[in-house]
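Read the single chain below, which is given as structure tokens and is the form predicted on its own.
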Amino acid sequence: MDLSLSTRTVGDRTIVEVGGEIDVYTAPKLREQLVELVNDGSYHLVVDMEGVDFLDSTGLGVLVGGLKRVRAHEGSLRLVCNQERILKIFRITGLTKVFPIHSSVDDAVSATD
């Protein structure tokens, strides 16, 4: 399966809608998108993972890398996910302590840093 990406802006947040599988083959596409957004001055990102079917360690690494990039500019990276199989990966790896995870884009956008 491929990876689909689209972006939109809501206030000062940039929403990255991700669909498909984030794995060793598709993660570079997500990495490039996150790097481009930060280079263009978008430091408050919301990654909407509701359309993600699969996430592996490479995908986790890309998200952590994105978080480091925005934090270097005093920004934020929030995740939107309520799929149990994906949330379980974040819990097992301890990344629920690193990423703010919200159940909807609206919740993520309205959350304070």
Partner chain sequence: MATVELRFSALPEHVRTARLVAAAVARRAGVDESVLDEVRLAVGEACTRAVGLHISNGVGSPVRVALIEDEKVFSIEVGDEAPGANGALVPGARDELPEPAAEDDEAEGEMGLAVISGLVDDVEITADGQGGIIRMSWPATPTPSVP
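Numbering follows the first chain given and starts at 1. As the structure is a prediction and not an experimental result, all values here were calculated from the model.
The same protein has a further form, the form predicted in complex with its partner chain, not shown here; the description that follows concerns it.
4.5 Å heavy atom contact, residue 50 and its partner chain in the predicted bound form: Although its partner chain is absent here, residue 50 would stay clear of it in the predicted bound form, with no heavy atoms inside 4.5 Å.
Residue 45 within 4.5 Å of its partner chain in the predicted bound form, heavy atoms: Outside the cut-off, so no.
4.5 Å heavy atom contact, residue 62 to its partner chain in the predicted bound form: Heavy-atom contact with its partner chain at 4.5 Å: present for residue 62.
Residue contact check: residue 95 to its partner chain in the predicted bound form, 4.5 Å heavy atom: Yes, residue 95 sits close enough to its partner chain in the predicted bound form that at least one of its heavy atoms falls within 4.5 Å.
All of 55, 71 and 89 with a heavy atom within 4.5 Å of its partner chain in the predicted bound form: So, yes: the whole triplet contacts its partner chain.
Stretch 14 to 34: residues contacting its partner chain in the predicted bound form, 4.5 Å heavy atom cut-off: Contacts from 14 to 34: 21, 23, 24, 25, 31.
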